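Quick setup: one chain, the form predicted alone, written in structure tokens, and binding and motion questions come after.
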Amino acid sequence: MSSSVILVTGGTGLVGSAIRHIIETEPAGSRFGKKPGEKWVFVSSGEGDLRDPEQTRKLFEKYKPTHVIHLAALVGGLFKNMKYKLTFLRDNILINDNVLHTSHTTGVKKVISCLSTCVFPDKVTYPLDETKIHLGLPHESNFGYAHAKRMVDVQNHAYKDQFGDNFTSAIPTNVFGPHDNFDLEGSHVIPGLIHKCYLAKKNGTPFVVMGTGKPLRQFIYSYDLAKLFIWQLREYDDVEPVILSVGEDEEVSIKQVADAIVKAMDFQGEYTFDTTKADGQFRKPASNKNLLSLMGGYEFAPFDKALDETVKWFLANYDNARTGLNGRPTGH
């Protein structure tokens, strides 16, 4: 078999670390394991600034990838997205354009870019599916980031139509797992609550969860998502994006998340919900029917087991994790 080089941009973050873990631990030659002749390269921003076309070109020259999984992005929480709209728009447009154009000019056989459910319109009918991405404006809070990510889908179609390039994209729902960003300020709900519960236990203070705990979300374990990316790389050759998610029937309430964290952390202290704080949207389900029909089914890790593994990783790696308290950079 001819050798292939798979370059993973943003390769040291949550999803990149998970792909590396799966490639290294699944049986060689299996559906999600490393194949003969494959070389996997996981790069971080330290190896090159993808906003710069010259640095991007040098990175591709160095590794000569045949395939690219493009995870690198400028990401941030709600406050940063609202404050730095142009930065999030422009930096992500530059990163994506450089990766796609360099892939095109160097003859990369396939690129999968990682989008986000924030690309969907603010006013939309649920469940979300792959046909609804461009049916209205994204939510104002993600204005720059969402538009830049949407443009990847536009670019993929244009590269395919004009040049026949095999460029596609994935849209994961809420991802969690080892190597997440556990920074209390900029993190997503699961890593934020894990860190908060850890500090409450350590300091003997109450564990207070913002809101009622009633909103429902679809959470996907990073190790499951990694397998879906590997499936997409090897077995999916259409330009249309695919939502990578657990089913609508696997929605979990924020209270279920907090309960599972309390159990995994063996937290014995006071545990309450601050119902004066806003809940956000009650639910925003995405359909994974397309994914399951393309894959022929897939069994996701049970949520409680995945969360328990994530908490154990956090406890074992607290000093080196991205907590915002130890000078470690935060990002995807």
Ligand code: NAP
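Bear in mind the structure is a predicted one, so any value in this text is a computation, not a measurement. Numbers for residues come from their place in the sequence shown, where the first is 1.
The following text describes the form predicted together with the named molecule, which does not appear among the structures shown.
Colleague: Say the named molecule is put on the shown chain the way it sits in the model of the complex, by superposing the C-alphas near its site; is the site then open or blocked (3+ ligand atoms within 2.4 Å of backbone or C-beta)?
Modeller: Blocked.
Colleague: Pick from 133, 95, 226, 111: which has a non-hydrogen atom within 4.5 Å of the named molecule in the model of the complex?
Modeller: Contact residue from the list: 95.
Colleague: Looking at 243, 230, 73, 200 here, can you tell me which has any non-hydrogen atom within 4.5 angstroms of the named molecule in the model of the complex?
Modeller: Only one option qualifies, and that one is 73.
Colleague: Since the partner isn't included here, can you check whether the named molecule sits close to all of 19, 155 and 234 in the model of the complex (heavy atom within 4.5 Å for each)?
Modeller: So, no: the whole triplet misses the named molecule.
Colleague: For the interface check, one of 26-34, 48-56, 294-302, 260-268 should have non-hydrogen atoms within 4.5 Å of the named molecule in the model of the complex; which one?
Modeller: Only one stretch passes the 4.5 Å heavy-atom test: 48-56.
Colleague: Should residue 66 be counted as a contact of the named molecule in the model of the complex, where contact means heavy atoms within 4.5 Å?
Modeller: Although the named molecule is absent here, residue 66 would stay clear of it in the model of the complex, with no heavy atoms inside 4.5 Å.
Colleague: Report whether the minimum heavy atom distance between residue 275 and the named molecule in the model of the complex is within 4.5 Å.
Modeller: Because no heavy atom of residue 275 falls inside 4.5 Å of the named molecule in the model of the complex, the answer is no.
Colleague: Considering only heavy atoms, tell me if residue 252 and the named molecule come within 4.5 Å of each other in the model of the complex.
Modeller: No, residue 252 sits far enough from the named molecule in the model of the complex that none of its heavy atoms falls within 4.5 Å.
Colleague: May I ask you to state whether residue 44 is within 4.5 Å of the named molecule in the model of the complex, using heavy atom distances?
Modeller: Yes, residue 44 is a contact residue.
Colleague: Could you pull out the residues of 152-182 that have any heavy atom within 4.5 Å of the named molecule in the model of the complex?
Modeller: Read in sequence order, the residues that approach the named molecule (within 4.5 Å, in the model of the complex) are 172, 173, 174, 175.
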